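Shown here is one chain on its own, the form predicted on its own, set out as structure tokens.
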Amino acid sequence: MKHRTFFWFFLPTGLAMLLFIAAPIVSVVMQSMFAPHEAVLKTVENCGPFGCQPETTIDQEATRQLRAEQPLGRFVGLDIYIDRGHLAFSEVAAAWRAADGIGDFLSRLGNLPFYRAMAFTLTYTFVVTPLLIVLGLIIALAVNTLHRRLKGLVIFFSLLPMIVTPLVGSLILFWMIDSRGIIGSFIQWAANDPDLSLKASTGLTWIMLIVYGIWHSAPFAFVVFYAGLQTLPQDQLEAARIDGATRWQQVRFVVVPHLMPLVTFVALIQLMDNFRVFEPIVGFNASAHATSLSWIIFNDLGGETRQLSAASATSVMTIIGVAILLSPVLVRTWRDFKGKH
């Protein structure tokens, strides 16, 4: 393809990427380095029958003028990134000095909102992603062995968790695990503890959110792997059977290597999605026991204060976190691509 032809072919995509990806990222980075202006105060003499007393009030006109002249706010550089609501360098150093050991230090870090959210986000990401890949592969292998008349029905029911909106799905499961719901009542009966509640325990809440994440995302992996199984060379499987390979050996040495590019693809997509976990926390009303980076952004943008700078700083760190998580997979993909050429 000629360079001129390629330029006009790529131009619409490039402009869309600049407009909808690059520009918002630059805007968020800029906003994260500016804090809202403080109110301009003025002191006036308030005189009465018993004398004059100084009184400090907000100069509304001067405050509006300052905000109009500098709409982004006052420049603070990286101060927002290191305040108590984010990386909290001073608080982390103080916790390290006061801690009796690693366990105590990690416990103290759990009192800081950013590190508490990061702990759940990383746990959710690194537990849900591999388990949903394994579960999706198992479902794909099982469905692929069914009779063709049953495949359509089984595929339909397998896709239901992905069809349901994440927020709606989490709300449904939230009602089911309530003490009056079918799952909550069964757990209380099985544990012989009428006061047991999944919502009252941090550990059980994390497990509940992780189980939901696997249940909701596994159908995506299943669809991708099932499509990949349709391209599996049958001669390789036949040769493996002739050589006496067991079912497990066929999957390990023939099926899995064939599906590895799809495994990489699913891992990339799910790492990004799971690191931005948000809907389950809202749907389960689990913010008292589990928060994520996306939930912090939502919380900063909500209410009357609307801490845009704090939300922007968290957004930038979320982007950096996603890039760090994806870098090993992208590097491996690039090496495999270079090796084939």
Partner chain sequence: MASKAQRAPRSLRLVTSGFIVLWLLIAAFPFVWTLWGSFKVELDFFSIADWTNAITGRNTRETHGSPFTLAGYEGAWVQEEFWRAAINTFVVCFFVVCTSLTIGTLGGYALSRSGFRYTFWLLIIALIFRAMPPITLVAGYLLPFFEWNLWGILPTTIIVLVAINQPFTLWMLHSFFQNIPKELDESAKVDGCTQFQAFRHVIVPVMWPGVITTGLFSFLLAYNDFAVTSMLLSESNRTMVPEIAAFLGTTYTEGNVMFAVAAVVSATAPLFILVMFFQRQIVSGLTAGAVKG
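Residue numbers count along the first chain shown, from 1. Rigid core: the largest C-alpha set superposing within 1.5 Å between the two forms. In this text, all values refer to a predicted model and were calculated from it rather than measured experimentally.
Beyond what is shown, the protein has a form predicted in complex with the partner chain; the following relates to that form.
When contacts are judged by a 4.5 Å heavy atom cut-off, residue 289 does not count as touching the partner chain in the predicted complex.
The shortest heavy atom separation between residue 57 and the partner chain in the predicted complex exceeds 4.5 Å. The partner chain is not drawn, but in the predicted complex it has a heavy atom within 4.5 Å of residue 173. Interface residue remark: residue 206 is not counted as part of the site for the partner chain in the predicted complex, having no heavy atom within 4.5 Å. For the options 232, 76, 159, 200, the one in contact with the partner chain in the predicted complex, meaning a heavy atom within 4.5 Å, is 159.
Here the chain stands by itself, but in the predicted complex one stretch of 101 to 109, 215 to 223, 88 to 96, 114 to 122, 215 to 223, has heavy atoms within 4.5 Å of the partner chain. Residues 272, 276, 278, 279, 282 are the ones in 267 to 283 with at least one heavy atom within 4.5 Å of the partner chain in the predicted complex, listed in sequence order. Superposition on the rigid core between the shown form and the other one places the CA atom of residue 325 2 Å or more away from its counterpart.
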